[in-house]
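One chain follows as structure tokens, the form predicted on its own.
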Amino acid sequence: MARLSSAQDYKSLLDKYDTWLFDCDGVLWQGDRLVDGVPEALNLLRTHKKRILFVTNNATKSRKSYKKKFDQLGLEAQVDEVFGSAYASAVYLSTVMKMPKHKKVYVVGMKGLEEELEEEGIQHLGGTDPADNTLAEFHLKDFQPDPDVGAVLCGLDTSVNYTKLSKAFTYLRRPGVVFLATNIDSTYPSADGLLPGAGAISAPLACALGREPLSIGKPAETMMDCIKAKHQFDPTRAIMVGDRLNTDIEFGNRGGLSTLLVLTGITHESEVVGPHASTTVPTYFTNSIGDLRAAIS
């Protein structure tokens, strides 16, 4: 593991890697605020003809919605450069599980997740349905489960409630219904600080059921397989940039990529060096991806 600090360090990085995979929250932005120097750093990579991919566990937005966010923040990005856990989950259901067209997914999640399911031709219920977004007391005797539900998919849901959890739990107790999570991140970095992540949404169900969901997003290899199916690249010439050791860096390490940890999000330097350092070790670490500007000459 090497700490990057000099202009030569960053120039060497530019020479060494052709494909750059970026996490978004905590790396490129914090909430709706860009991390200082990000536009210049990304422009530097594009000027040097580097391939750029954005790989995020945030399932609240579809790829098209992410494109709009990039546009609003003044960052260049194409829809096919964005790989979110919502998209990967939809692809998993349609191509890996090969869910029959008449089957449906019960969603504990938000609009972006529903949009990606629709793009893959997958029927869904729950999610943003007003009938499920209620604080009214839930009574099982009033619930008529849909017999065609074949999976429950959990993502970050800022309107999660007892009704959604109860319906999801009821479906998951039925034989053959698959328990999926877009990701199991414990926390989510907002502009104003940490909030509970998608893992905190599926955790009550895992507790009630006594079993864990299959997680699609980082660090699962499912996400890497999805990326490699769309973009061919040499892993030895690729680098994953992230702010979280147990997702971003572990994801890159498992995929055979080099990894660069930035300290603008979840992970603190004390978790990388010192007596209490994590067993997940990045290839490099630096304060911010904005530091890459030092390579501009």
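All residue numbers are counted from 1 along the displayed sequence. Note that the structure is predicted; figures quoted are calculated from it, not measured.
Keep in mind the form predicted in complex with a further copy of the same chain is missing from the figure; the text below concerns it.
In the predicted complex, segment of 76-84, 113-121, 184-192, 94-102 with a heavy atom within 4.5 Å of a further copy of the same chain: Contact-bearing stretch, as computed: 184-192.
Every residue in 35, 43 and 70 with a non-hydrogen atom within 4.5 Å of a further copy of the same chain in the predicted complex? Result no, not one residue of the spot touches a further copy of the same chain.
Contact of residue 200 with a further copy of the same chain in the predicted complex (heavy atom, 4.5 Å): Within the cut-off, so yes.
Within a 4.5 Å heavy atom cut-off, is residue 177 in contact with a further copy of the same chain in the predicted complex? Output for residue 177 is no: heavy atoms all beyond 4.5 Å of a further copy of the same chain.
Does the 4.5 Å heavy atom contact test between residue 128 and a further copy of the same chain in the predicted complex come out positive? No, residue 128 sits far enough from a further copy of the same chain in the predicted complex that none of its heavy atoms falls within 4.5 Å.
Could you confirm whether residue 158 comes within 4.5 Å of a further copy of the same chain in the predicted complex, counting heavy atoms only? Although a further copy of the same chain is absent here, residue 158 would touch it in the predicted complex, with heavy atoms inside 4.5 Å.
Need the contact residues for 134-169: heavy atom within 4.5 Å of a further copy of the same chain in the predicted complex, sequence order, or none if there are none. 134, 135, 138, 140, 141, 156, 157, 158, 159, 160, 161, 162, 165, 166, 169 sit within 4.5 Å of the partner.
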